[in-house]
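To begin, one chain is listed below as structure tokens, in the form predicted on its own.
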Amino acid sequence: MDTEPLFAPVRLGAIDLKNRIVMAPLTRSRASTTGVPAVFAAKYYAQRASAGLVITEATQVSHDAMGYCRTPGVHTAEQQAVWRTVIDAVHAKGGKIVVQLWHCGRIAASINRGGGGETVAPSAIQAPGKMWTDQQGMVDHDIPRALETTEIAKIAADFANTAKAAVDLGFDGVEVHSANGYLLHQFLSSNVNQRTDQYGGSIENRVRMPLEVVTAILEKVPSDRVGVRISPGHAFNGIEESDMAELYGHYLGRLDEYGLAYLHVMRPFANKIETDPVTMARSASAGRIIACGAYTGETGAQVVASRSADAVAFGRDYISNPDLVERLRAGAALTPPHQATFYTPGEKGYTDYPAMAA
């Protein structure tokens, strides 16, 4: 298996990567009920610091942005104190780390926030399916309240203020979560966004809110330390994009104007589409691209060698293979993950996967 293209260094904006293997953002639900990361998160991320870049699990920009149970934030002093230990641990191992910033929007159950705060979305349309709560097990997603036009600037400010705090804390950069059916993706969609103001209807209007978020961040953080994640055609969390090609042709063109560090493109796993999002992104973007979505070492190397992408993010493989870089280099077998411990509290299934040498 030829994986050599994955081991060449690359520069994403202001961030120098020692290789092109990226740890994808992975929700693991080990934080406290108030969004404080577990103290052993530093060990977890440091174990994986041989990656060219570590992208943290999706991290709330505010209390109201929280949707799932036990997911971390980076908007309070207590949360930031633990993240600082994570940053220091990764840097001590020679790694680079960026924090992925998110707002869940309608993918939420208020009980996961302790009953506080409102669940908001572009429109008052409930998401299909259910989500886990520690108190009541599986429950329906909340019926969200449609955001008032005047409230959108506050959410953009939350992203910007949290991004600045994260970079000031020592993160090498931030990644804006504009994918997977969460709030920014909800504004992009053709079914969840039923607004009649300047944030709904036409493609130009539907991209307005995500672009305002990025613009607000760039007023506080250099563009070469900001990435954006997208998932064109991904129907996860009830998202539809009836005009996907036109939507992303416009959105990516606008994002390309910002001179971002990178664009993180996720291929759908919940459904199949005819257009390859990575190929589409490369044709629309002159910047660096991270490709993600069920790549193996061999197919990841191929996408880098073909220059379709500049780096490849691995998700599930990083859960159970903290030394994934070393295993791919050696052509060694990968340890399969234990799905039952993906989202459970504690270190079991989190920091206890052994490296090859062990």
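Everything numeric in this text was worked out from a predicted model, so none of it was measured. Residue numbers run from 1 along the displayed sequence.
If you look for the form predicted in complex with a small molecule, you will not find it shown, but the lines that follow are about it.
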> Among Met266, Met131, Leu211, Val90, which has at least one heavy atom within 4.5 Å of the small molecule in the predicted complex?
Replying inline: Met266
> Which one of Thr162, Gln80, Thr119, Asn180 is close to the small molecule in the predicted complex, taking close to mean a heavy atom within 4.5 Å?
Replying inline: Asn180
> Just one of 299-307, 53-61, 31-39, 328-336 has heavy atoms within 4.5 Å of the small molecule in the predicted complex; which?
Replying inline: 53-61
>> Residue-level contact is defined here as any heavy atom of the residue lying within 4.5 Å of the small molecule in the predicted complex; does Ser320 satisfy this criterion?
In response: no
> Gln100 near the small molecule in the predicted complex, any heavy atom under 4.5 Å?
Replying inline: yes
> Can you check whether Cys69 is within 4.5 Å of the small molecule in the predicted complex, heavy atom basis?
Replying inline: no
> Hey, in the predicted complex, is His185 touching the small molecule, heavy atoms inside 4.5 Å?
Replying inline: no
